[in-house]
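One chain comes next, on its own, written out as structure tokens in the form predicted alone.
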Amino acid sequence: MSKEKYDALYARMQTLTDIYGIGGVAQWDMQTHMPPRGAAVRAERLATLTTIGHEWLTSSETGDLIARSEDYVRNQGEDSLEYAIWRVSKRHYDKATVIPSELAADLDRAASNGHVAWVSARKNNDYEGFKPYLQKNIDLLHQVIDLSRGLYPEAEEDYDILLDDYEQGMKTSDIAAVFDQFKVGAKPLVEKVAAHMGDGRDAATFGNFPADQQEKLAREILAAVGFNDDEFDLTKTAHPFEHSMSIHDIRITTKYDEGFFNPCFFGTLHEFGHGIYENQIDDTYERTVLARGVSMAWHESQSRMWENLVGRSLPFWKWAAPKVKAVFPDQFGSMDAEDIYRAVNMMGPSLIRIEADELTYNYHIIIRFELERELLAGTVTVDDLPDAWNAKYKDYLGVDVPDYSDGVLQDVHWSGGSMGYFPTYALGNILGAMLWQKINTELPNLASEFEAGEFGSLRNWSRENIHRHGSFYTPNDLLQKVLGTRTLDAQPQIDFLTAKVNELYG
């Protein structure tokens, strides 16, 4: 009987992943192709799908199947596929059952409306117009927190509850500690590179870069690193993202800035890193709750690895330079690989997170993390937020914020109610550096392979050690399996950045 209940649970969760998968297609279309006037109806349709999925997940039948299949899956062992699917299904069920369907629909509706409002607000530098949507999202998140407290008896603060959606088992205090470690170690490096700001080494990255030529180059680079037209799609959007419709249907997006080379080139590599993670999950997990990356920090470790540890490395540019020069000869034609490497690795304080260099990027995230904690705690309000944002940019990076669009409105995440998500970007950098040490030990010829335009060894290592597992393990269990620890450590990233800053800036 218990085996029959497990089989019924498996089939039920497959149906649920299908429902959410269709919602994913609608969300992707909303952010890439949908005419703006379709937003109101699209928000209602997404809310309807969310309601259906939520009611399906939280029904008494689902709870009964989870309860009555427990003996069977535990007998299979905690290292079995059955147990992993049951464990993740139960986690989703437990978290969802405390949220009424009406609130789930309200959250989805607010996210859809908030996104459309953010696009307009950023375009028009209109924080006042966006503020009610942000407040709505915060109010709804407080409802989620209040309803979820019973699931988190060990929560130290409200932010822990939201963080758990992205980093299972991690505490806000853990993040603060590793971020403090980074801030101390990176501060002298930031001061060093700031002294070289404006030396002109990055001049070639600014100029005339027609969007069609950027796309041509992006597709050529992507094809070499692992993108293929049978499983991947590339399109443009206001804020780049990746969405996995299935293991073999990966949508990545990019943004073309015709005056600046870096955003498209490195942003596309970044989203490819997300996509290849989802694409290399074991096919056995398709249409199950395991067919997703295990956490956002793990996801970001992969995207930032391809963007920075690969894409901004000198071996990569010894291969890529001729291709870039062929597409943009006016900008890069007179430069050799090392010149371009130095140009695209210009470091220093800046305004825009997605354009930030490897060194200062984490500070952009730390600012957002600290503001999210304060917004939830009520020590900063939506009225205070722009001034608080500007003050932190001045304090941490010495940067004056000129307007809302390049300040508090620059990111899409808060428009969709995604709080607890931002710190995973910097955690991904920190985890990625830890992984990079191990990868280079086990793949000692990686640099020469990159120079030859060969990236298969890295993809294969990532697939075997990380990607294929999907959500089979918890984030901490995967960390233990791959790196033999359960604690994130900022020192490998500090060491990597120290060596690179010394190389580039003496």
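Start at 1 with the first residue shown and count on from there. In this text, all values refer to a predicted model and were calculated from it rather than measured experimentally.
This protein has a second form, the form predicted in complex with a further copy of the same chain, left out of what is shown; the following refers to that one.
For residue 19, a non-hydrogen atom is located within 4.5 Å of a further copy of the same chain in the predicted bound form, even though that partner is not displayed. Proximity of residue 57 to a further copy of the same chain in the predicted bound form: non-hydrogen atoms within 4.5 Å are absent; the residue sits far from the partner. With a 4.5 Å cutoff on heavy atoms, residue 453 does not count as touching a further copy of the same chain in the predicted bound form; it lies far away.
At a distance threshold of 4.5 angstroms between non-hydrogen atoms, residue 25 is in contact with a further copy of the same chain in the predicted bound form. Three-residue candidate spot 15, 49 and 233; every residue lies within 4.5 angstroms of a further copy of the same chain in the predicted bound form by at least one non-hydrogen atom. For a further copy of the same chain in the predicted bound form, the listed stretch (373-381, 332-340, 224-232, 170-178) containing residues with heavy atoms inside 4.5 Å is 224-232.
A single residue from the set 255, 92, 394, 248 has any heavy atom within 4.5 angstroms of a further copy of the same chain in the predicted bound form; that residue is 248. Note on contacts: among 44, 70, 449, 61, the single residue with a heavy atom within 4.5 Å of a further copy of the same chain in the predicted bound form is 44. Of the residues in 277-307, those that come within 4.5 Å of a further copy of the same chain in the predicted bound form through at least one heavy atom are, in sequence order, 286, 287.
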